[in-house]
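The chain below stands alone, shown as structure tokens; this is the form predicted on its own.
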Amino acid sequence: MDDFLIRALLAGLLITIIAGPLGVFILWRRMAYFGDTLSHSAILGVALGLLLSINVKIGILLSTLLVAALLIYSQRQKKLASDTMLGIISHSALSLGLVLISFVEGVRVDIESWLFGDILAVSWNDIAYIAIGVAIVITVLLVIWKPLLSLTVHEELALVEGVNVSLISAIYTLLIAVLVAIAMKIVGALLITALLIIPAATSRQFARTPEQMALFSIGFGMLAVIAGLFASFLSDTPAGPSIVVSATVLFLMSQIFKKV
């Protein structure tokens, strides 16, 4: 197997390790649009990184963390409906990022790779960066798993049990921001949420416990990455979208299996 395929496969499999468990909470808490908002803000991070002449990865991480903090603050204020605020921030961040990129001079910006991913261009340095991010996210997620699950099931009951709901929700939001920052190269800003939601929705048909659902979500995500890369290699199709299409096929198969 060519070296670039090995790197792409490793990067994709690493991402699914955290996309799986984070995705099940997005599904349970009905936060799909929340994930879209954070992923769209990553384009603004690309623009800031290029304009300020800093590492683009750092720019993406800073912008997603900033938007995550803004979302947490806006949720507490409750002056606007949450879906309204998410829509405003999501499209404003994406549009502002695209406008700022147009001012970048002397650098060729492949905006399509940032929007739809370019997993085949992943380097060993990128894999090291992804691996560090995955290790941090999975460690923090394991620490907050029980309180996060508790507030997901019943927020008021979690408060009675002594769970710091605001803190746990903020940490979870920041974990999604970190995932977006490290997954941009894999599936792009417009497809990250699909990688979070579709494997989680597929695993729901087979899991009997929250932990099983998280593990099955990781497994289906890995199958989607392997199948998507294989299809991309054979058919010369874009790798990121091919992974998402593979995840969709697995979901449809799970629905047929359920009916049978």
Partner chain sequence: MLVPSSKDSELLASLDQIHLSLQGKTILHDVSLKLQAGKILTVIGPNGAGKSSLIQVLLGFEKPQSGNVFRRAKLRIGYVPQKISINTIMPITVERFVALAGKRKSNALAALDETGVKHLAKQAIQQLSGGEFQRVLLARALQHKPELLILDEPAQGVDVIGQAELYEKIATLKDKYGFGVLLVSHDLHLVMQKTDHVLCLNQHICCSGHADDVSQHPEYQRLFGNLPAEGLAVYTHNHNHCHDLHGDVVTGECLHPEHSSKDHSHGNNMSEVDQSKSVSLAKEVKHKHG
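Numbering follows the first chain given and starts at 1. Only a predicted model underlies this, so the values are computations on that prediction, with no experimental measurement involved.
Omitted from view is the form predicted in complex with the partner chain, to which the following refers.
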query: The partner chain: the contacting residue among Leu157, Ala121, Val143, Val104 in the predicted complex [heavy atom, 4.5 Å]; finding: Leu157
query: Residue (of Leu149, Leu174, Val134, Leu98) lying close to the partner chain in the predicted complex, criterion heavy atoms within 4.5 Å; finding: Leu149
query: Location of the partner chain contact in the predicted complex, chosen stretch of 159-167, 113-121, 126-134, 182-190 [non-hydrogen atom, 4.5 Å]; finding: 159-167
query: Contact flag, Trp28 vs the partner chain in the predicted complex, heavy atom cut 4.5 Å; finding: yes
query: Interface membership of Ala47, the partner chain in the predicted complex, 4.5 Å heavy atom rule; finding: no
query: Non-hydrogen atom contact Arg204 with the partner chain in the predicted complex at 4.5 angstroms; finding: yes
query: Residue contact check: Thr209 to the partner chain in the predicted complex, 4.5 Å heavy atom; finding: yes
query: Residues from 212-235 in contact with the partner chain (non-hydrogen atom within 4.5 Å) in the predicted complex; finding: Met213
